[in-house]
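Okay, so here's just one chain, in structure tokens, the form predicted on its own.
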């Protein structure tokens, strides 16, 4: 199922905040909402939202994943885009919900909801045509894109384009750019040694790129990489794409 093609700029959107942003990086979720509101949209945040079901799904527990995902299906009754600030959660909802609910009474609703899911960076660039003046100092930035955003949603180019259009920002390409950071949700818990080796390679490549910071639209990757970088002595860390864009383009003004 391809990303949604919006025939016109919407006036209203739903925002699915994701578990990790809600629990660990709420400021990034608020920054994403501010960016959307600053573009003139009315942003609706269903209070009953929780998890997309991906952790259970990728752990081989489809029944548990359906139970979690089913609780989300009725939260988006209006035909508005559902903006998700995470390629992995967007990928789960957009690509896997139709399969997860196949041969169940909820299949038609799951397909309908999945068809309105759009990843945050993709929505900013290709639906809103986001373009704002860069108020920041000259800097070099690397972009990390999650595996799901790159391979399931195909939105890595959107994140890169949003960074590249900032006048005072030079995007640098680190080594291992397309490789996984090792998080993978439950993967990091089941295979900590492999995950640790992967994030070590990723963190080292980002630091060696010449960038002063890195940005990503996925909270899991951000937490994983920043956790590894925090073990070192160099003052290098990343931030969510939404926070980076909001700060560079004038804040809440």
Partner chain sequence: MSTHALTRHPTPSFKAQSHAAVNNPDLRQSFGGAMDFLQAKRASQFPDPEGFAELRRLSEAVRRRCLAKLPDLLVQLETQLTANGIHVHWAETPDEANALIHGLIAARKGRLAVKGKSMVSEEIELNAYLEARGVTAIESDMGEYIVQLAGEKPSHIIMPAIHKTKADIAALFHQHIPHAPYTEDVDALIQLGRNALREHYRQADVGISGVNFAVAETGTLCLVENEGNGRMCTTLPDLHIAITGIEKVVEKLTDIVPLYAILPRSATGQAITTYFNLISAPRQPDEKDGPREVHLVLLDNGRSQAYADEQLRQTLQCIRCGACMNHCPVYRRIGGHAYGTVYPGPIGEIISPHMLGLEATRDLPTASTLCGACSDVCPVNIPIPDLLIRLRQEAARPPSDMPLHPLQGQGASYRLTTAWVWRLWAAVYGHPVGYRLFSWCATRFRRLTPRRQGGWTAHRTPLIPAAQSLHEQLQRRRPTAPAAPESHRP
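Since the structure is predicted, the reported quantities are computational estimates derived from the model, not experimental observations. Positions refer to the first chain, counted from 1.
Missing here is the form predicted in complex with the partner chain; even so, the following discussion is about that form.
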Tell me which stretch of 93 to 101, 117 to 125, 137 to 145, 76 to 84 has a heavy atom within 4.5 angstroms of the partner chain in the predicted bound form. 93 to 101
How about residue 209: is it within 4.5 Å of the partner chain in the predicted bound form, going by heavy atoms? no
Applying a 4.5 Å heavy atom distance criterion, does residue 22 contact the partner chain in the predicted bound form? yes
Please tell me whether any heavy atom belonging to residue 165 falls inside 4.5 Å of a heavy atom of the partner chain, as the geometry stands in the predicted bound form. yes
Whether residue 58 contacts the partner chain in the predicted bound form should be assessed with a 4.5 Å heavy atom distance threshold; does it? yes
Residues in 188 to 215 close to the partner chain in the predicted bound form, defined by a heavy atom within 4.5 Å, in order: 188, 189, 190, 191, 192, 193, 194, 195, 196, 197, 198, 199, 201
